[in-house]
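Next up: just one chain, as structure tokens, the form predicted on its own.
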Amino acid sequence: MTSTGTAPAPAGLVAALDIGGTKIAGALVDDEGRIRLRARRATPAAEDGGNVMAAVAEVLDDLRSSPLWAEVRGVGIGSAGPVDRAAGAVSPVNIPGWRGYPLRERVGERVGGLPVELIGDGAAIAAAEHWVGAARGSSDALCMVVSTGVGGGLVLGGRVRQGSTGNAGHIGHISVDLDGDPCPCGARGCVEGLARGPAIARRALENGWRPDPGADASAVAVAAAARAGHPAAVASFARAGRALAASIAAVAALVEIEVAVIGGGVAGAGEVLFAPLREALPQYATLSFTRGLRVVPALTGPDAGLIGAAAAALGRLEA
């Protein structure tokens, strides 16, 4: 029988899965958040749901083949969403073959009845940063990932707050431009459409930036151009920073966070992103209880999803 999220695994090792549209990562993680063993497969996101699950099974089988598996006491899954915690199901926007897919049950079958915890990838990021990252010691925090999409999770009162379905903190779909471009979610002007990596690259291209011959037109390349002072590249990151500032300020006004932690590939641009974000934030965080809000880079990097999934399996989300 698989778990519904109430019984933490005993201290020791847990298995963690981080499932997204491009990769399925797995790890064995100890009760101090240290990764002891890794496995990985590409996500066959364009294929049917059975083939995606087969890739998950291969990752689990790699972990199970280790002698360390004998110490594993539970499994945590951080998945792209939306997720349905109660049903243990997932419907990732970027994995069309999974709609209402019973992921917790399928993983439970694969691991011989060990308890399995399922959380959304935003909650996993929040759990990781609150446990061992930049939000450690903070009672109230927003933890974000800015990459090919924009997602996040909330820590309130010292606990990761997932919401009734497991999707709380999904900041990427706060609208910051009421007359903005349509978003695949159905709304307009979502922060994801302004701050995600492909949007930054598209805006720079539209305004005259061009990648070097043979290079990709990526946000990484735009960041390099911005550091060199290219005006279209600088302006594109400034626009993304303002969009993020507006959304972060909205969250702060609603739930009184003290810190916003930002990770993901776009955040890897460093001050190219953080400088305009911090400059714009006081224009939006104007209320007395939001003015002290700090914005800091994440510390758990690409392992955030794995560490957060492990935190769920160890019962740390309720700590």
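Worth saying up front: this structure is predicted, and the values here are computed from it rather than measured. Position 1 is the first residue in the sequence shown; the rest follow in order.
What comes next is about the form predicted in complex with another copy of the chain, which is not displayed.
The three marked residues, Asn94, Ser218 and Ala232, fail to reach another copy of the chain in the model of the complex, with no heavy atom of any inside 4.5 Å.
Contact annotation: of the candidates Ala199, Ile174, Ala134, Ala89, the single residue with a non-hydrogen atom within 4.5 angstroms of another copy of the chain in the model of the complex is Ile174. Comment: another copy of the chain is not present in this chain, but in the model of the complex one of Glu271, Glu256, Asp61, Asp48 has a heavy atom within 4.5 Å of it, namely Glu256. Another copy of the chain in the model of the complex comes within 4.5 Å of a heavy atom belonging to Gly169.
Another copy of the chain in the model of the complex comes within 4.5 Å of no heavy atom belonging to Asp212. At a distance threshold of 4.5 angstroms between non-hydrogen atoms, Ala228 is out of contact with another copy of the chain in the model of the complex. When contacts are judged by a 4.5 Å heavy atom cut-off, Asp140 counts as touching another copy of the chain in the model of the complex. The stretch among 125-133, 151-159, 110-118, 97-105 whose residues place heavy atoms within 4.5 Å of another copy of the chain in the model of the complex is 151-159. Residues His173, Ile174, Ser175, Val176, Asp177, Leu178, Asp179, Cys185, Gly186, Ala187, Arg188 are the ones in 173-212 with at least one heavy atom within 4.5 Å of another copy of the chain in the model of the complex, listed in sequence order.
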